[in-house]
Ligand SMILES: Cc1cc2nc3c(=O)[nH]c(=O)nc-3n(C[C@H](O)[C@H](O)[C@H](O)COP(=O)(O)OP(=O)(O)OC[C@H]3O[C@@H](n4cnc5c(N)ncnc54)[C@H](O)[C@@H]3O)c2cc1C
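Okay, here we've got a single chain as structure tokens, the form predicted on its own, with questions on binding and movement later.
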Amino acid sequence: MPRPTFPSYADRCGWNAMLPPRTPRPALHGNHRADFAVVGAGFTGLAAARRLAELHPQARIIVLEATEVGEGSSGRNSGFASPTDIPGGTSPAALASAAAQDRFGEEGFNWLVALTQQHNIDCGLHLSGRIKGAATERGEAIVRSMLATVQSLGLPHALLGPDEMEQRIGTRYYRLGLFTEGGYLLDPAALIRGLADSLPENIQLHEASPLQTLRRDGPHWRLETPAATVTAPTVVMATNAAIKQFGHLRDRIVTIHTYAAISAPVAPSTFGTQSSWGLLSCHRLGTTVRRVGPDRLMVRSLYAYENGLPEPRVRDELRRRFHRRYPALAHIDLEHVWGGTTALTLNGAPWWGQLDQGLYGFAGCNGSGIVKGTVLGKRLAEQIAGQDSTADILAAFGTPNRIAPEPFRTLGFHTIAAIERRRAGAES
């Protein structure tokens, strides 16, 4: 049996399940030649393909998607998207790094907004603000450190105690929250579906067409799927963690499985007076929650290294986190439960650029895939077209450090994860 080259999910993405049915693009068959081949129809791949089409309107561009648009990792995230973020401190280095990344974030976000308006993509994109929540004493210290940063920078904010948190989001589970105004929420499956269905005419998108082999064929690359062959001089690998299956970046990225669920509908007043909100944990292994429409809650938590967790355990753990925050809803079950993968790097920097002659890639979104993936896919296309932005990208994001080889990598991950889970405590 051929080795798997892409994440295969047994569960249906909850965001996608709640949308109207969509007819997928047909799988690719036969032998084809293209000027550009893009592997992966997520945010990065579609951004790269779209920008290549803009820069080369006469080129033939083929996009290969292994599964169905909306069922891949891009449709399985939490739907947080922001052009800027709170700096990691007030030192000159921290502020300069944040400013550099924010410039790229604004570029990617503004491009996405323009595309949703141009093509009438109804993905529920709206400004909601963002809450950083703390349920523990350690978490409270982190939130107060962030408070000092936003105060020193004069950023609009509100510090929320248990009473204010209960009023806004309907629970006293959190002992402290920091609300800032810069956060946006959206339906990620609706967005990626809309982007896929509004591609320029010189882009051919084929779903259910997983790349199985990639190899040099003279001056070109030869891509083979179960039913087709594509020959192209330039290839963009936009498969995030799955790029390791083709021999690239195995010493730079690891695959992380994470899980989410959306509750059954409840009375709208249950989730507070703020009509839309998203809460991020102050701990990196903590639980993310957000209001979905007027009457549902999304909860995202759990992390697994390289291999997924059993579905019964996932459902049980996510249900427990939901009910712990909203004990009065212990009779309400989770209607949709799903998993997704992302690629993490040791120092949080993405890998971006040229892998080989005519071969380019991006991996390591580190959980910030919508905006970061979009702008880096766009910039990757511009680099291919000769508009070199390598220096700017590296200056803003850095490069990922090498990761220890096996078995030390697995041992290290599980050791650190165990420590962090203990530190997270009630934040999980």
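What you see is a predicted model; the values in this text were computed from it and never measured. So that there is no doubt, residue numbering starts at 1 and follows the sequence shown.
Keep in mind that the form predicted in complex with the ligand is not shown, yet the notes after this line are about it.
No member of the trio A48, G361 and F397 reaches the ligand in the predicted bound form with any non-hydrogen atom inside 4.5 Å. Looking at 59 to 67, 398 to 406, 25 to 33, 380 to 388, the stretch with residues near the ligand in the predicted bound form, meaning non-hydrogen atoms within 4.5 angstroms, turns out to be 59 to 67. Contact annotation: G183 falls outside 4.5 Å of the ligand in the predicted bound form, judged by heavy atom distances. Although the partner is absent from this view, G278 stays clear of the ligand in the predicted bound form, with no non-hydrogen atom inside 4.5 angstroms. Contact annotation: G124 falls outside 4.5 Å of the ligand in the predicted bound form, judged by heavy atom distances. Although the partner is absent here, T287 lies well away from the ligand in the predicted bound form, with no heavy atom inside 4.5 Å. Just one of G105, G177, G170, G79 comes within 4.5 Å of the ligand in the predicted bound form, counting any heavy atom, and that one is G79.
Though the ligand is absent from this view, in the predicted bound form it lies within 4.5 Å of a heavy atom of just one residue from A242, C282, L297, A189, which is A242. Residues from 201 to 236 that approach the ligand in the predicted bound form with a non-hydrogen atom closer than or equal to 4.5 Å are S209, P210, L211, in the order they occur in the chain.
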